[in-house]
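A lone chain, given as structure tokens: the form predicted alone.
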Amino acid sequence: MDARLRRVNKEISDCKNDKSSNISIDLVDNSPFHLIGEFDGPEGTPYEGGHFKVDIIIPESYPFQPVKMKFITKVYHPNVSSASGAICLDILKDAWSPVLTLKSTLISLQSLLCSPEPRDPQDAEVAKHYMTSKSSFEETARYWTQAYAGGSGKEVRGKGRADGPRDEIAMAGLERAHVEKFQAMGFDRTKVIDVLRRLNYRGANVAQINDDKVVDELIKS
């Protein structure tokens, strides 16, 4: 058995024997080099109540090269791509160390959900939302947690419940009245949502973006 396989098997075994961390790791197609990690959303965050899955690839030079991780569960977070699940975290890049383990890296991902770093984003649009209106960002992140991560079906203020059909406006972190205003001008709802999201039409920014600017963007799109 080579050193990489021995190390990975030990880490998987250690994780299974540790019942306190609530971190789990499972093999994909019986391969110890392609794994699924799982953990619960941290308490006191918009991700509380959700259950998150992470795709893990073990490179050939592990542990001297970082593991490759991306979220399978969709997450609304500045450091996670809302489209691909790609993660911006230093230990998955140049801050990696061979002393890190699969479990400690997954715990770091869990901690990242507690402490977003919007100035070093993976998803620039989500980071702008966070910096413009943290409360609105948290409502949207909570809605995503309900919609994608099995979070509780409690109503999110102004966005309804996420355990029924998904609301495109809520998913984009926008206000319904703002979308309906431009819909009433004759523009397609989906196009309005896309443009308002790209313009970060939220919070204090709304007063800084005049209607003509929005209309121009709608016509061009």
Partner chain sequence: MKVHVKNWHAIAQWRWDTGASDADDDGEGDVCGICRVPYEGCCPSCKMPGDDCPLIWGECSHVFHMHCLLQWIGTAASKQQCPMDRRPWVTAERKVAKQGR
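Positions refer to the first chain, counted from 1. Nothing here was measured: the structure is a model prediction, and the numbers come from that model.
Keep in mind the form predicted in complex with the partner chain is missing from the figure; the text below concerns it.
Exactly one listed residue, out of A86, I91, C114, A124, brings a non-hydrogen atom to within 4.5 Å of the partner chain in the model of the complex: I91.
Of the candidate stretches 191 to 199, 59 to 67, 24 to 32, 38 to 46, only 59 to 67 has residues whose heavy atoms lie within 4.5 Å of the partner chain in the model of the complex. Among heavy atoms of K220, none comes within 4.5 Å of the partner chain in the model of the complex. Heavy atoms of K10 reach within 4.5 Å of the partner chain in the model of the complex, making it an interface residue.
At least one heavy atom of S97 is located within 4.5 Å of the partner chain in the model of the complex. Of the heavy atoms in T101, some are within 4.5 Å of the partner chain in the model of the complex. Along 21 to 38, not one residue places a heavy atom within 4.5 Å of the partner chain in the model of the complex.
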